[in-house]
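In the block that follows, a single chain appears as structure tokens, in the form predicted on its own.
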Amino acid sequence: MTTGSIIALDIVIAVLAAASWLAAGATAATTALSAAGVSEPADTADHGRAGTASRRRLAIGLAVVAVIAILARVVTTIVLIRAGWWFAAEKVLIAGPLALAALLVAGPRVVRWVKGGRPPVVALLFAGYAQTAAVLVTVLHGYPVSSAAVLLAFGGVGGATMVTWRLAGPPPGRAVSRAPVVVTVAVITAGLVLVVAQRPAPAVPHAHGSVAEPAVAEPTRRFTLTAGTATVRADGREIEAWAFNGQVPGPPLTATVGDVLEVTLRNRDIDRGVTLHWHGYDVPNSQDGVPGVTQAAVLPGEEFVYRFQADQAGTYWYHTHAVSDIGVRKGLYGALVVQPSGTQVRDPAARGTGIEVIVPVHTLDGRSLPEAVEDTADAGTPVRLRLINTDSTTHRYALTGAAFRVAAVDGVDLNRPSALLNTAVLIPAGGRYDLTFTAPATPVGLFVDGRVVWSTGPVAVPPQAWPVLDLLTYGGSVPNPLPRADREFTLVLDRGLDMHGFLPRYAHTVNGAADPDIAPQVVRSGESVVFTIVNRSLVVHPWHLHGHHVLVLSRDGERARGSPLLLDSFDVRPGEVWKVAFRADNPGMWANHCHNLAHADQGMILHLLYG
């Protein structure tokens, strides 16, 4: 099992324990009410006694299930710790003590009930509240564990128990003591004071000083992109979209290394504004297209001119970074392909010495793009498939009918890629893979999530059981080109309640905070920087740093052993720990965020600053 699946199992077990305790308490309460009922006719009384005995057995059985679940959670916790899970403190400080309290309070009373004592309603419900508090801390509070969370968890359990005691009524001769009430109120008050006292990190300034950038020569390639609402056809139906030049995807932009690109962006009628971000292309900071950081959003009737030199060959893409979660989903994206120096710019579909096919995969209003295309390729023809994932989730790609190589990832050629057959590849949100192969005489097909998108003839759907390529072991290794780290940062990716001002919000967080309250990362030019990125949550976070490619050093403690991986988009799966490094060689202010754009919109974005 993966660490992520163990984390999910651990939470399921915790929920089972809480539900079992609560259900046992509720069943015990009905048993107590039935036992305290008024006198009834003999037949009815016999029936009532049988029902009471049945509920009693059910309540005891549910309590036993809860105990077993707690013991099982001890096992999952040990497994997670041995797997290198970072967050044992949460179990030690909160979940463990609450589970122990549930056992110590409810366990002996259930045993006495089995021997003929009173139904332990309050004790069973206390155990349920304790387990529920542990689950809520895991799901809502997030990282890091704080004294405020500990106090509120224990205070909440105490408060709920006091209310239950009051409603259920104390046993005869027992009065409700004021001491537990006073302690509970004091603990909750202290927790709230600590929450209010916590000050968020200073908001990142949405402006920065000018950055000295190299002069750019006169443009050799000019493009104009006009953003506007449009009606496009997809999967046989008309869809209202946002589009560049009236089409989804926008027109592919092509160039050769050494070209100077000038792209004029115009906004016809997108009220919320647009920009152009060159995803994976390490442009100068002023050309990065992040509204409020490198430029203002381009509003209806306005335009903005981007100009930069093409110095990276490979497959890239462009998209709006203004209200990007909405804008990209609605169609404001397109491909950017830069050929190596000395290669003539041409239509990627032109034949000549080979075939190039650009495949930007996208989901538009629930419809999958691109629609299936059947092409022709003579036997012996070199083929390059430029695969671009423009969605916010991972896609599974499979090529049938030919052995292939992953020639490049995120625009960077791999070292000595080997031939693959009957193997699937997973491309993260924002990522690009170039697959190359020689066309055989028989049909070849490219499938995305089991749907054919390109083929050279009739092909069968590949099996889902094909193994998935692990890039960290693929290709030929070379010595680590980065020296020892000058600066290190840790990013814990999570979700939970974030206090922005005095109003709580549920957010995707980094180091326990959400944008704009995440402290920026400050580096100096020339430094070697290492990120440790840890996913505590239960969902995948495709990570994307603007303006730089990062070198993958390790995943879950295992060093990368294949071709050097210089990525700009990579999936950090639940429970995973990635170490990546980069050279700080592109001054400015850069966004650093999850490229599930909904997650970024909900807070999972911070900034890298050159100091």
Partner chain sequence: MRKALVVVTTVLLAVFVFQFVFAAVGAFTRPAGDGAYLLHSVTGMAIIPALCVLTVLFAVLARAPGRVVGMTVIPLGLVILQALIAMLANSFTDASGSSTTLSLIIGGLHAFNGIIAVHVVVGVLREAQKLPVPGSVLTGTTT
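Residue numbers count along the first chain shown, from 1. Just so it is clear, the structure is predicted and the values come from calculations on it, not from any experiment.
What comes next is about the form predicted in complex with its partner chain, which is not displayed.
Considering its partner chain in the predicted complex, the lone stretch of 271-279, 90-98, 512-520, 394-402 in range is 394-402 [heavy atom distance within 4.5 Å]. The closest heavy atom approach of Leu503 to its partner chain in the predicted complex falls outside 4.5 Å. Interface residue remark: Leu609 is not counted as part of the site for its partner chain in the predicted complex, having no heavy atom within 4.5 Å. Shown alone here, Ile11 lies within 4.5 Å of its partner chain in the predicted complex, counting heavy atoms only. In the predicted complex, Arg451 stays away from its partner chain, with no heavy atom inside 4.5 Å. This chain appears without its partner; in the predicted complex, the one residue of Gln464, Thr231, Thr376, Ser147 with a heavy atom within 4.5 Å of its partner chain is Gln464.
Residue in contact with its partner chain in the predicted complex (any heavy atom within 4.5 Å), chosen from Val114, Ala485, Val139, Ile78: Val139. Taking its partner chain as positioned in the predicted complex, the residues of 356-379 that bring a heavy atom within 4.5 Å of it are, in sequence order, Asp365, Gly366, Arg367.
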